[in-house]
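First comes one chain, alone, set out as structure tokens in the form predicted alone.
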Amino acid sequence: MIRVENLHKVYRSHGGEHVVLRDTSFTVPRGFRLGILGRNGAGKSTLIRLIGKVEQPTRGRVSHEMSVSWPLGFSGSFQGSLTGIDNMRFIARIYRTDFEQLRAFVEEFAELGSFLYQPVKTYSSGMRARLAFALSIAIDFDCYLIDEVMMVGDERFHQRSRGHLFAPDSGRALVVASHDASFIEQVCDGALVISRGRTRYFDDVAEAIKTYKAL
């Protein structure tokens, strides 16, 4: 289970404070698929990063009682001077995953060819994201964090990614942030709607979408 308790996130700048999330609480049980809906800038990606502990909250806490992926496609943790292969080796060691199996999957899925043997700092942003995405799904997490903004590549890559992540019999928990309300309705069991820093949870995804469209 993932527990989000009284989560509050504020960004500070010279112009003052911008409150992104206010006192947000919810849980994600094993096998549950949670959608996150909100307008551009509402805080969907921020919430995904907070759940993945890529960012720290201003107040509140996030706890994991199952293994949770980093946000799919997040490439900020790569060591740029190392090759894609060397970064893979490092990830395999951290997550205690067989390196050869990991490499075989990533080579086939990311389709980066000889670029995997080049320093990651020479990659385009799209190539870095494809590598990060393939690495994310190569490891068998209990829950995957998915920000649709980070879904990269051509239509074939999208279809393969969705087929791998959203198979109905996978048993994985998912937290999915998306602008595509029909997609959320298709794959999720419940949904959060974010507006003006406040979140509202709906067991009925259709009702969540109705609320979201009325914003």
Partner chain sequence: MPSSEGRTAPAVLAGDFRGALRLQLTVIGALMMRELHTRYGRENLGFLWMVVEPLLFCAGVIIIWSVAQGRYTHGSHLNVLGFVMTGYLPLTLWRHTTNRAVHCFRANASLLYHRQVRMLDLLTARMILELYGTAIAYLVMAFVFWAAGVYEWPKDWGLFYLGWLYFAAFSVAMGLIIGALTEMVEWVEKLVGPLMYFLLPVCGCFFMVDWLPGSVQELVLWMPTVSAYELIRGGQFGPELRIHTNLPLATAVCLALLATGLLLCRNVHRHLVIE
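Since the structure is predicted, the reported quantities are computational estimates derived from the model, not experimental observations. Numbering follows the first chain given and starts at 1. What we label the rigid core is the largest C-alpha set whose atoms superpose within 1.5 Å from one form to the other.
One more form of this protein should be noted, the form predicted in complex with its partner chain, which is absent from this view; the next part is about it.
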Under a 4.5 angstroms heavy atom criterion, identify the one residue in Leu174, Ala181, Val187, Val68 near its partner chain in the predicted complex.
Val68
Could you tell me if Glu107 has a non-hydrogen atom within 4.5 Å of its partner chain in the predicted complex?
no
How about Asp142 - does it come within 4.5 Å of its partner chain in the predicted complex, if we only consider non-hydrogen atoms?
yes
Touches its partner chain in the predicted complex: Ser170 (any heavy atom, 4.5 Å)
yes
Check whether Phe78 has any heavy atom within 4.5 Å of a heavy atom of its partner chain in the predicted complex, and answer yes or no.
yes
Does His164 move appreciably between the shown form and the other one, meaning a CA displacement of 2 Å or more on the superposed rigid core?
yes
Core-superposed comparison between the shown form and the other one, Asp142 Cα displacement 2 Å or beyond
no
Determine, after fitting the two forms on their core, whether Glu100 shows a C-alpha shift of 2 Å or more between the shown form and the other one.
no
